[in-house]
Ligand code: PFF
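Given next, in C-alpha cells, is a single chain: the form predicted on its own.
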Amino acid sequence: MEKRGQWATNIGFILAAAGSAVGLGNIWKFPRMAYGNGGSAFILIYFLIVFLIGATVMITEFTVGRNAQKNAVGALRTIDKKWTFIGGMGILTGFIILSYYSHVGGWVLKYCVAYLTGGSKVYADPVNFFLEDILGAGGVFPIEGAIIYPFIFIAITAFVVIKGVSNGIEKLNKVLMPTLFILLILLFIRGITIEGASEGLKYLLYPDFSKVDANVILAALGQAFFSLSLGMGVMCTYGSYLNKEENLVKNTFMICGLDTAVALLAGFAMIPIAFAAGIAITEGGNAGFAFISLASAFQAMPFGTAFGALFYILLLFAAITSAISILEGTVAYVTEELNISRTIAAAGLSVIMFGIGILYTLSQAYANLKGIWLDANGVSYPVLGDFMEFMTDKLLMPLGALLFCILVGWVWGVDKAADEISSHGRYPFKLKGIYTIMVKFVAPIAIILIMLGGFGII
C-alpha cells in the first residue's frame, strides 16, 4: 500500500479545505439568492447559519477523519462498524456529483477560451452559444460541451490528485486560492465603481425583512449547508490528513470565514454589474444567469471582455478546487480499501465519471434522457441531469450530514469527539457546551428541515 499523504502545512490544509467549500454556488448562486430574498437580511441569516450549523457539521467531519487518520469509510468503521455505510454513502455522493460537476467545469473552461479570444462568439448570440454550441439544442452533437472541454477539466483534476496530498492538492490550492481572491477583488472593485452600481449596492445593503419568511430561511440554510461541501465525506477525508496537533476549532472558523468572504465578494461584485445592465437577476436559473444573461453586461461595460474573462477564470478556479476535493475523497477510499495505486484509481475513476457526465450534458438539450423522482407532488420524470442533482442535493448530501451528526452526538459521544477536537487537551474546547447542543439537536433538526423542504413536504 502506498504511504498515506499528509498536509505539509496548516495553511495548506486551510486553503485546500476552503477551496473545496468555495465552488460555483458561491459565485453564481449566492448573489442571486441574496438579491431575491431581502438583500442584507438574507446575508445576515446566511452568516449566522454558516457559523452555527455549517461550522458544527464541518468540525464534526474533520473530527471523525482526524481521529482515525483514514478515508471516510475507514474512519466511520473505526468508530462503529454498523455505521460504516455512512462513509460509503458519502463516497457514492461524491462520485455522482463529480460526474456532472466535471462537465459544468468543462462548460466554464469553454467560456474562458471564448472570452480570452475576444468574446465575439458569445456576444453574437449568448443563448445560441450556450444552448446549441455547448448543450446541443440544435440537434448537432455538442462535442465541445460534452466531450472536449469536460475531458480537459477532469484530466486536470485527476493530474493534481495523482500528484498527491501535499505535492498536488496543497501546492495547487496555495496558488489558486490567493489568485481567486485577487480576481474576485478586481471584479468587486469593477462592480462597485460601474455606472449605475449604486442602485444595486443599495438593494443588497438594505435589509428588507419583509421578504424573510420560512422559505427564505430554509433557502439560506440549504445554501449555507451545500456551500461548505458537507455530507459527502470530503471534509472527513481532508481532516484525516491533518496531524493531531492542529487546532480544529480555529481552522474550521477560518475555512467558514473564507468561504463566506467569497460569497459576499461575489454578491457585491456581480449584482451591481448585472443591475447596471438591466439583467433580470432572479430569472433564468443559475446557469442561465452565468452563461447567458451576463454576456450583455460584459458586452456593454468598458473593458467588459477582459472582466468577462476574469469572471470565468474565477469560476474555473472555484470549480477545479472543489472537483479536486471530491475526487480525492473517492480516490482515498479506493487506494486504502481496495489497495489500488493512486494513479490507477484517479485515472480510472475519472474516466468512468467523465463517461457518466456525457449523459448529464446530453440530457440538458440534445437527448431525451430521463430519471425518476418521488416527492410530495408524486412521481415525476425529470431530465437525467436534474435527477442526478436531486439525488445528491436533496437526498444524499443532507442525509449523510444528518447521520454524521447522529453518530457523533449520540453513538460515539460528544466527550470523545471533544477530546479529539481539543487535540487531547492541547487546546481548551470552550465551545463544548454549545457544540453539544448543536450537534445533537439543532444541526440534525435543521438538516431534516432542508430535506423536507427539498421534497416539497414543507
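Don't overthink the numbering: it's just position in the shown sequence, from 1. Every value quoted in this text rests on a predicted model; they were computed, and no experiment measured them.
The following text describes the form predicted in complex with this ligand, which does not appear among the structures shown.
Of the listed positions (157, 173, 71, 325), a single one reaches within 4.5 angstroms of this ligand by any non-hydrogen atom in the model of the complex, namely 325. The listed set 289, 241, 317, 226 contains one residue whose heavy atoms approach this ligand in the model of the complex to within 4.5 Å, identified as 226. The stretch among 96 to 104, 165 to 173, 128 to 136, 248 to 256 whose residues place heavy atoms within 4.5 Å of this ligand in the model of the complex is 96 to 104. Contact check for residue 26: a heavy atom falls within 4.5 Å of this ligand in the model of the complex. Among residues of the shown chain, residue 234 is one whose heavy atoms approach this ligand to within 4.5 Å in the model of the complex.
This ligand in the model of the complex is not approached by residue 16, whose heavy atoms all lie more than 4.5 angstroms from it. Although the partner is absent here, residue 447 is not a contact residue: none of its heavy atoms lies within 4.5 angstroms of this ligand in the model of the complex.
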